[in-house]
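Just the one chain here, laid out as structure tokens, in the form predicted alone.
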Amino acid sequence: MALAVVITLLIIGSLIFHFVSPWWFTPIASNWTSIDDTINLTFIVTGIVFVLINSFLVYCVVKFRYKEGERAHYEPENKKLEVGLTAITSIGVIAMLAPGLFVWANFVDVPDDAIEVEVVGQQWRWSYRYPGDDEVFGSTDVSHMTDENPFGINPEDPNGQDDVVVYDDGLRLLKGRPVKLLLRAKDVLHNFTVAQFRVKMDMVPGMVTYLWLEPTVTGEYDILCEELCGIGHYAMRGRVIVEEEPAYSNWLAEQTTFAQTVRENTADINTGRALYAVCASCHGQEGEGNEALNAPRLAGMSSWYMESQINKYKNGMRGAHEEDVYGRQMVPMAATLANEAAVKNVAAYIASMADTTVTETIAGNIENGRRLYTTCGACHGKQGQGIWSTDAPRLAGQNDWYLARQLSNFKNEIRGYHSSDATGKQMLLLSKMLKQESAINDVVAYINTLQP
């Protein structure tokens, strides 16, 4: 009888938990209510089966419990029972699977008026491409991929010249307009998922997969990768912003086309040398850095990284936190670079500087640092050389006091807090693995041993 009571409580408890559970679907923000319906239907069918089977168990435990002097009736076959169970099971399976076939048929049937947007996944970030006025994407190939052309757009294809390329901001979609998302992966398997849209699809290197939806609620939602894609998988976050007209069109008109990025990537080192005079007052004439002024070494840093960081200061993604004392000092300095061309010129000049040596100031357990650096090396390289494809700067040869301070800033969410700072948010999450200050010192001490 005790077993019957336990099973009865299991049935009641499961039903209560299902109906009052705080863990339920997020509010839907697309046209795919049919996916919710099929999931609810699955819950209904499996719930009924769960209750019936366990109730039958309770009945059997009570009805056929041991009684002295009684013997069990042995009946190896019962065709009537077998036919009935097979029929009921078949009906249940059909009820769960058949609606999904109709939903899938709709899922692969993209409306003719759908806007096409390309989403590219890589370890561990997202980037996006919109067709230009011709509404035709330019062709792509891995042979064209560089730090200045991350999409690999064919520079000779006229259809690609007006393609709108978005590297750092979120994915913008127009409310009430169907959109077909073309999905590409640069490196390994990824999966594009937005919980509120109820759709997801794998991204396979060498293939273009797709999904479609119609956003129905304005707002900002999280983009997740739901395919284990490496050590930084959990930090592969993005955001999708659903807007009304004319906000969407105004934003799209402000974005840079591929042709514009090609023109803007031409930098003048001599002009950059003149503009660097302001920077030199803290960072040194040779970019050697100055700890007394809390100015890190710049020599040896790549131009793409310098551009990124200067623009983050200019756009409020760095140096805006009230506790970031030294970052706030950089904001007015970055503001002296009036436009994108000035930023590129300074960054190009810094990248041309001769490498310099630095003095080690931090000691730590190098062997423990080597172990902890395994995670860092996935983005920054085994020798701390930096990898542009993962937006990870060079670490080897950088001032150790500066590295330690930045890791602490990420841990304490003084840096990487801004919603638009995708790479900063990744570092914010990854830095959490360094539980104590000694762990930061250990990693930095190990970085001091690296030779780029």
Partner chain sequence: MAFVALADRDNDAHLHDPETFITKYVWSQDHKVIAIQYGVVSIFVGLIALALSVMMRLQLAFPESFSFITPNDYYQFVTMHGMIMVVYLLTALFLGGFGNYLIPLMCGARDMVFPYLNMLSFWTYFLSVIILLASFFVPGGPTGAGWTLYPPQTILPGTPGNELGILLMLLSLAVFIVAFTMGGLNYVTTILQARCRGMTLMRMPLSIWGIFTATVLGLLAFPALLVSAIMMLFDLLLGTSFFMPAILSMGEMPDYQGGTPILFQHLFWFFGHPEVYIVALPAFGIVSDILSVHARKNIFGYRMMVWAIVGIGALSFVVWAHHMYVSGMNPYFGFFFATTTLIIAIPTAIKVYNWVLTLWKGNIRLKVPMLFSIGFIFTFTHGGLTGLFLGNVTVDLPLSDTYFVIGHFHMVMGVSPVLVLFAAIYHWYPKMTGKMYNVPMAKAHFWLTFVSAYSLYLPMHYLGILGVPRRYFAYGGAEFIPASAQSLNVGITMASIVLATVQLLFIINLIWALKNGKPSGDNPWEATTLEWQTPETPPKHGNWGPELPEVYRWAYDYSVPGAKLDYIPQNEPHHGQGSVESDSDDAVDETKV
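Positions refer to the first chain, counted from 1. For the two forms, the rigid core is made up of the largest set of C-alpha atoms that agree within 1.5 Å on superposition. Worth saying up front: this structure is predicted, and the values here are computed from it rather than measured.
Not pictured, yet referred to below: the form predicted together with its partner chain.
Partner contact region in the predicted complex: 202-210, out of 277-285, 202-210, 356-364, 300-308, criterion any non-hydrogen atom within 4.5 Å of its partner chain. Using a 4.5 angstroms threshold between heavy atoms, Asn270 stays clear of its partner chain in the predicted complex.
In the predicted complex, its partner chain lies farther than 4.5 Å from every heavy atom of Asp168.
Residue contact with its partner chain in the predicted complex: Thr374 places a heavy atom within 4.5 Å of it.
Under a 4.5 angstroms non-hydrogen atom cutoff, its partner chain in the predicted complex lacks Glu254 among its neighbouring residues.
This chain is drawn without its partner chain; in the predicted complex, the residue among Glu148, Glu245, Asp222, Asp134 with a heavy atom within 4.5 Å of it is Asp222. Taking a 4.5 Å heavy atom cutoff to its partner chain in the predicted complex, the contact residue among Ala29, Ala404, Ile35, Ile414 is Ile35.
Residues are counted as partner-facing when one of their heavy atoms sits within 4.5 Å of its partner chain in the predicted complex; in 358-389 these are Arg371, Leu372, Thr374, Thr375, Ala378, Lys382, Ile387, Trp388, Ser389, in sequence order. In a rigid-core overlay of the protein, Ala445 has its C-alpha displaced by under 2 Å between the shown form and the other one.
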